[in-house]
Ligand code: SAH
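Next up: just one chain, as structure tokens, the form predicted on its own.
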């Protein structure tokens, strides 16, 4: 990108628009989002330009402009729609060092106009350097939907107290942590809801408490640390929730699992420290007790900590244990749910986990082996599930797939019951293998599962699915499905 985005002050000197047609009026209305006045250089103003003059938002000077009319302007837009005239204005402005733009003439532009999302005084500008203005407009529409209409009031609120906070709290992590607390908690919600009286009372109380907790001698520990247990989803960064992205962008420390997709970390602050504390069979970077200690230690330093987990923190993620520990320690905590692998796999395959004809319920179980290496399914009533015609989804079941299938058959599940194994659900390397319980129980190795993978067991696993699926049938070698287009799975 050759253009560097900046914001130009147009409040002190009115920008100049050369021309008086509809294009000039359109550009004027854009500038008037921030400028108090614009000046048109034209002898033939259109009705739209005249209307702006009548409203007191614009004035008109003669159509012939030179050095005196352009010099000192914050910017100039030449909308004569005449190449010779526009080129002349461009040359004068460039020689004077005044930013100049000629609509739809990139060779006559020293700056480009952005698509703007306006939450005064918050301004978001979107530019494509003229390559795709329609794309910029679409992006603006997306952001308009996502950003609260009162976002500007939050910025104004912060501006009133910025110097007060700077005097009370040291710069760096302590001050940033305080502002994150303001914007991300009850104070921010009160501002957005319009209750600024309540927001101010809570703000003053929080600042006083934080100032007391910090002695100012460089040794005291600030007490404003927060912890977020964040579900990173199954791996595809586009499946992150907006709340998860906001948490990542505010984190000082990110304690992550092995299963988190690399693309997820692109949403983290560049300054954030990322520590891998993942646990996998035969590969435990940290014990759960050590992870708990790390979370608590960083939070007590006043840092914003994100405990990042693949999938959802409360679906086989031990998030409940971490929440209990934080509550017992008096540390503020929030939980951000994530898309779990089962729903991601179902969406990718386009097969439902529940179906009015085939499955009225869905059950999630863990296939993870106990510490002695042997699976224990004694706590699950597989017989009752067989009678209910449910869908059974087994997480972390690569090592125990054969034993699980054997137990299901012994409990009354049909040996011919379809099974769909999905590795790395939602990721670019996703792999799907369809088989049956009898194949899985007799020789699970034939599916060549490497993990991370889950098993979907039930009649829905036999429904037609989208995309490529490997088939492993009983007493038949591994075959690949031919899709008739020269490709196969």
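The structure displayed is predicted, hence computed values, not measured ones. Residue numbers count along the first chain shown, from 1.
Form predicted in complex with ligand SAH: not shown, discussed below.
- Although the partner is absent from this view, residue 93 stays clear of ligand SAH in the predicted bound form, with no non-hydrogen atom inside 4.5 angstroms.
- When contacts are judged by a 4.5 Å heavy atom cut-off, residue 440 does not count as touching ligand SAH in the predicted bound form.
- Ligand SAH in the predicted bound form is not approached by residue 178, whose heavy atoms all lie more than 4.5 angstroms from it.
- Taking the partner from elsewhere, residue 302 is found to have every heavy atom lying beyond 4.5 Å of ligand SAH in the predicted bound form.
- Contact with ligand SAH, judged by heavy atoms within 4.5 Å in the predicted bound form, is confined among 23 to 31, 45 to 53, 456 to 464, 423 to 431 to 423 to 431.
- Of the candidates 322, 312, 196, 86, 312 is the one whose heavy atoms come within 4.5 Å of ligand SAH in the predicted bound form; the others do not.
- Checked against ligand SAH in the predicted bound form, the candidates 136, 296, 169, 259 yield a single residue with a heavy atom inside 4.5 Å, and that residue is 259.
- Using a 4.5 Å cut-off on any heavy atom, the residues of 327 to 343 that reach ligand SAH in the predicted bound form are, in sequence order, 340, 341.
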